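Form predicted alone, single chain, as structure tokens, below.
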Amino acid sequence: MDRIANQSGTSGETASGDVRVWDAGVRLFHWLLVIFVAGAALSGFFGPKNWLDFHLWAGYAAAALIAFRLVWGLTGATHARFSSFPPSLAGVRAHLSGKHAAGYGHNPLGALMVYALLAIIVALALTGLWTLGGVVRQGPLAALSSYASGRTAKEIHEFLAWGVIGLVALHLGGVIFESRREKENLARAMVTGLKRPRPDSTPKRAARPVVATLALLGLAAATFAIVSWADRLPAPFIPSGPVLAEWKAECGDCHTPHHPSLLPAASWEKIMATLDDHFGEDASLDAGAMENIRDWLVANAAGHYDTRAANSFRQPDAAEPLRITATARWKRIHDDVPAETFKRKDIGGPVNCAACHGDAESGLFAPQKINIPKPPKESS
């Protein structure tokens, strides 16, 4: 038993004769990462827009697990350490040719897969944060990113998400292939941590949980400090000032008062100049109120902000430049909402943004704030 323990770098044989290879840290990391990556993928590809918080927390959890694995790769037991499975193209060639002797830990192909998955999930987390800051205008990068850069990050993020799916498929295929080749159930080994005895020359290394805990606490403290600092940075080109009381009272008397960042200045000037025929209604105001509201709308029009809404509606429809709902972007955003929904009395038509967007007045239109109310129950 001692001989096998010294050869394998593990705690030695169990009562069944198997050898403990994967420690609890590696196994928990592996299966929790499966859960959180699956949750992020399902919510990202198939979830409604207001599932963004679920998607974010799944992503944060996956990123936290990667941070743990990086630390554990330096402080864990023998086969948890990166030093036990360094990336090697020569090793991959030898493995594919059958000249590489199988040990307890990751074989050369498995090692490359581990590094590829770690790298792509880190890239997913970074592009996801940049997308959140630039497109949704939330998170610690909201003050540092632009809408244009956020859109680019979003495209990269989606590409990487497909890359993860591809790597997972290759990983599953590799596990099945290597399980048959080595006559070892590798999936079960990642559950139990046990493998059958075999020669292994990896130097034995003991886990250092105290060092790992201190390193993780330090990393968590540094992350908290950086995020707190970034959250306090002033975020330019994002609506944040108080709304004009007259605008809210007068425009909100008939419909949701549309935030000025939803139309360009020229459209607001035209709207305010034709209040006597406001989409078929007489919405005339006294000269003082009209001037105050017009000046505030123009000063806060789409050209002054870099939000998704401002960028989406900055270029009005050529035929109907005064209607937000006439733009191709508005129609594309709402193409999954049945026309019957807008006809409901509790919705009040497509101009009543606040019926479904909890933050319509702010002009931010966060995905988490979307809530299409259920149709009222018909009285019997």
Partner chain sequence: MKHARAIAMAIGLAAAAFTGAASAGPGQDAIIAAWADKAKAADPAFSGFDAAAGKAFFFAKHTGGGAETPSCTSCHTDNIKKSGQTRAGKAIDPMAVSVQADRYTDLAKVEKWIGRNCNSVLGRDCTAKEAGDVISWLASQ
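What you see is a predicted model, and the numbers here were worked out from it, not measured in a lab. Positions refer to the first chain, counted from 1.
In what follows, reference is made to the form predicted together with the partner chain, a form of this protein that is not presented.
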| item | value |
| --- | --- |
| Every residue of 250, 284 and 351 near the partner chain in the model of the complex, heavy atom within 4.5 Å | yes |
| Among 192-200, 274-282, 213-221, 162-170, the region lying within 4.5 Å of the partner chain in the model of the complex by heavy atom distance | 274-282 |
| The unique member of 187, 225, 266, 254 whose heavy atoms fall within 4.5 Å of the partner chain in the model of the complex | 254 |
